[in-house]
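Have a look below at one chain only, the form predicted alone, in structure tokens format.
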């Protein structure tokens, strides 16, 4: 009889296992995710002083359309809800509340701008909504201890500022430096990195430091004043509209300094072309992605794939605009992360997977530059290379700087 009891117990355990096993394998969802769909939110400056960046949101939607045509991610279609925030802090607060509280998105993706993301930073972390791969390189987006729900994507501004400083110290140690920066966290972040990179030499090398407000109609007077200071080196910390103005005005008044332009405005299509390609010759920037205007990538398979995607999914987009490469690259990163998340589409797991990207090869990043994150490292890309504009394209030169 003891044998029968043991057998009965074994059968009971087996039956229990059959009941429990499906529970272990169950899909896990938070608001914004179902068996068939993943809904995420985005805001961008489709209007206003930073509207040149608006193409990024359109590129992201175009990438979403491509993924959905291919069957989605793990069998789920992606739905992107995107609103115009006008690069306005009060407006993004309104739009993000709408995305979180009314649209009930699973996460926020690639919201753009330092002042705008700063306005929603505490709110999204209090709500525990993943605030992923934000389109700003401010250092504050890599602070997992204080803000565990916010993660950057591109190289941070302070690191980039240090790269320009290192180049100046190595190649023009007696430079007379003039600086123009946007008077907000974005501009000040770049400025801090640059000054940190110069160290004590900065007190002697920097001869003029001027700022502008994002609401200013023009920065012509600042460019005239910088020329008048005797500066022979110019660090141009501006968003696209003002970057184009600075390049154009410097050319008009025949001021020809060694010109460093921050990466976020180094687009041949949306900045240098309207400013005047002839006036842009010699500009130096830091690059981490393949420039679609650079002929060296003409036979590169990643470029061919990007170009074909533009033709099919974003035919109205400008192939000379690096912001469309940015939208493609950051979207590729998102999809890789979602594939990794599998059927566990909770906000907690989304954040966990975003912080678990290892040597992700994003095709339109420069060779050797990969995406890496960890629970203590919220800076996915930490390498850049300098490039100089030759009148047609940015030519890469020198070593790859990185951490």
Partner chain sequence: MEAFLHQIFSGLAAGGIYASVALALVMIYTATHHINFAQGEMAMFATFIGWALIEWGGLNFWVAFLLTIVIAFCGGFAIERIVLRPLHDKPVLSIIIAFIGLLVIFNALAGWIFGFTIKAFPSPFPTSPPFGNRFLNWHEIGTVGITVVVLLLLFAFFRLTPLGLAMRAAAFNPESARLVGIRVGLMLALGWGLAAAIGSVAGMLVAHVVYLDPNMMAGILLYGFASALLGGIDNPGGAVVGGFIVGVAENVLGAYVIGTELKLSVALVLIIGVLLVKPAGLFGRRIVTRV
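Whichever C-alpha set is largest while still superposing within 1.5 Å between the two forms counts as the rigid core. Numbering follows the first chain given and starts at 1. Since this is a predicted model, take the numbers as computed values, not measurements.
Below, we refer to the form predicted together with its partner chain, which is not included among the displayed structures.
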{"property": "Its partner chain in the predicted bound form: contacted by all of 100, 106 and 125, heavy atom 4.5 Å", "result": "no"}
{"property": "Residue among 232, 300, 220, 185 with a heavy atom within 4.5 Å of its partner chain in the predicted bound form", "result": "220"}
{"property": "Listed residue (311, 170, 94, 213) with a non-hydrogen atom within 4.5 angstroms of its partner chain in the predicted bound form", "result": "213"}
{"property": "Residue 262, heavy atom within 4.5 angstroms of its partner chain in the predicted bound form", "result": "no"}
{"property": "Exercise: residue 225 in contact with its partner chain in the predicted bound form, heavy atom 4.5 Å", "result": "yes"}
{"property": "Heavy atom of residue 290 within 4.5 Å of its partner chain in the predicted bound form", "result": "no"}
{"property": "Its partner chain contact at residue 65 in the predicted bound form, heavy atom, 4.5 Å", "result": "no"}
{"property": "Segment assignment from 312-320, 239-247, 77-85, 139-147: heavy atom within 4.5 Å of its partner chain in the predicted bound form", "result": "239-247"}
{"property": "Residues from 117-144 in contact with its partner chain (non-hydrogen atom within 4.5 Å) in the predicted bound form", "result": "none"}
{"property": "Is_shifted residue 118 between the shown form and the other one (CA, 2 Å cut-off, rigid core)", "result": "no"}
{"property": "Rigid core superposed: residue 74 CA moves 2 Å or more between the shown form and the other one", "result": "no"}
{"property": "Rigid core superposition, residue 311 Cα moves 2 angstroms or more between the shown form and the other one", "result": "no"}
